[in-house]
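The data below hold one chain only, encoded as structure tokens and taken in the form predicted on its own.
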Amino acid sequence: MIWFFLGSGLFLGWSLGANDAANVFGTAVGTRMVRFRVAAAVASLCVLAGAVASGAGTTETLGALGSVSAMGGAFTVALMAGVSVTFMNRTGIPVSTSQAVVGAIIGWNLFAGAPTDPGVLVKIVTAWAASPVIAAIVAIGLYGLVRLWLRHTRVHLLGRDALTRAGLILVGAFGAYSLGANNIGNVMGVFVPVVPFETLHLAGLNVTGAQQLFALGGLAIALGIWTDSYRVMTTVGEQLYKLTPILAFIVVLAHSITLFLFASTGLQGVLRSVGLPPLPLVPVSSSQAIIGAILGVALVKGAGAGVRLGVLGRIAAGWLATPVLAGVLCFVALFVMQNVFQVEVVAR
């Protein structure tokens, strides 16, 4: 039954790959600088590496928001979050898997009568609001640096094209790693307290039960990238704002830095060591970060009028609707699982 219950987490990972992971290469594919198959291969490998190597920090934050105490409950939380993302994804809107998972966890808290820590919730929501702003600021700064470099560097047009393609692949790899590190908690975090995987000893390395879960989730994300991410790539890469290849490079790098800031335990330690307040380790929305970066370059170019406000409005509506939909669906599904299928969703 463990593998049956884990199926909902794998489904959620597939949904994340189809939706959020598309943002890593959406601008590159949308500008036709990188072929979809190349983007999918690079993103799949790097998202798996980030999930296994650096996925623990954001998982702890979700656990503090609500620790699901039974396997049946974890199954339902992940399943309803995945259903919510998939439903929204069918509209072509890049919604937030992070918000779907948080909404589903709050739905479980309400059903179980468990408290939702308001401090943790405020920290998560604040990070959600800050991430597109940070991405926009980083994009503006990168735009200035790139423009300065282009002014003082004479590169042939073909050489510039080759550098841009290579740069898009490199920052996409970094973005996929950051996405895996930041968002794997969304996929498998609710299962960490309840799945009894033993630590494996492989070639002198200890692979914890949590890391095994993260590896499974990373593989599910990769499958979602390959099978169902192209539609959302075109929404982000073409429909919101037309990007040149160089602007696409800036946008993806700004997005990747933003995700990394909210996932890196090493950076958190460095900030503390020099007396600076660390950023919270929170699973933020890849979609919000990429769109914040796009808006940043649009504003600095004085081309805010070129932003398609109708598309932006649909995306914003999706962000608001996703956690509410996930919470309601989760609450109803928990009732059905417990009273119709007699599955334990809250540990007694």
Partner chain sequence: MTLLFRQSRELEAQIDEYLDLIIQGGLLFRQGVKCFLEHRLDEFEVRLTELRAIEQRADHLRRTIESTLYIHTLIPDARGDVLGLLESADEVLNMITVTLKRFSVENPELLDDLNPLFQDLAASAIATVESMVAGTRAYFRDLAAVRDHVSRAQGYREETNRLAETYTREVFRRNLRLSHKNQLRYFVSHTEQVAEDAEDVCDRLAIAAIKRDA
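Numbering follows the first chain given and starts at 1. No experiment lies behind these values; they were computed from the predicted model shown.
Unshown form predicted together with the partner chain; subsequent notes refer to it.
So if I measure heavy atom distances to the partner chain in the predicted bound form, which of the stretches 129-137, 157-165, 188-196, 220-228 falls within 4.5 Å? That would be 157-165.
query: Using 4.5 Å between non-hydrogen atoms, is T244 touching the partner chain in the predicted bound form?
result: Because a heavy atom of T244 falls inside 4.5 Å of the partner chain in the predicted bound form, the answer is yes.
With the partner left out of view, is K301 within 4.5 angstroms of the partner chain in the predicted bound form by any non-hydrogen atom?
The answer is yes: K301 has a heavy atom within 4.5 Å of the partner chain.
| said: Check L281 for me: does it contact the partner chain in the predicted bound form (non-hydrogen atoms, 4.5 angstroms)? | reply: The answer is no: L281 has no heavy atom within 4.5 Å of the partner chain.
S69 near the partner chain in the predicted bound form, any heavy atom under 4.5 Å?
Judged by the heavy-atom cut-off of 4.5 Å, S69 is well away from the partner chain in the predicted bound form.
Can you work out which of M33, L48, L295, A39 has a heavy atom no more than 4.5 Å from the partner chain in the predicted bound form? It is M33.
For this session: Taking 4.5 Å between heavy atoms as the contact cutoff, choose which of L142, V120, I169, A112 touches the partner chain in the predicted bound form.
Result: In short, I169.
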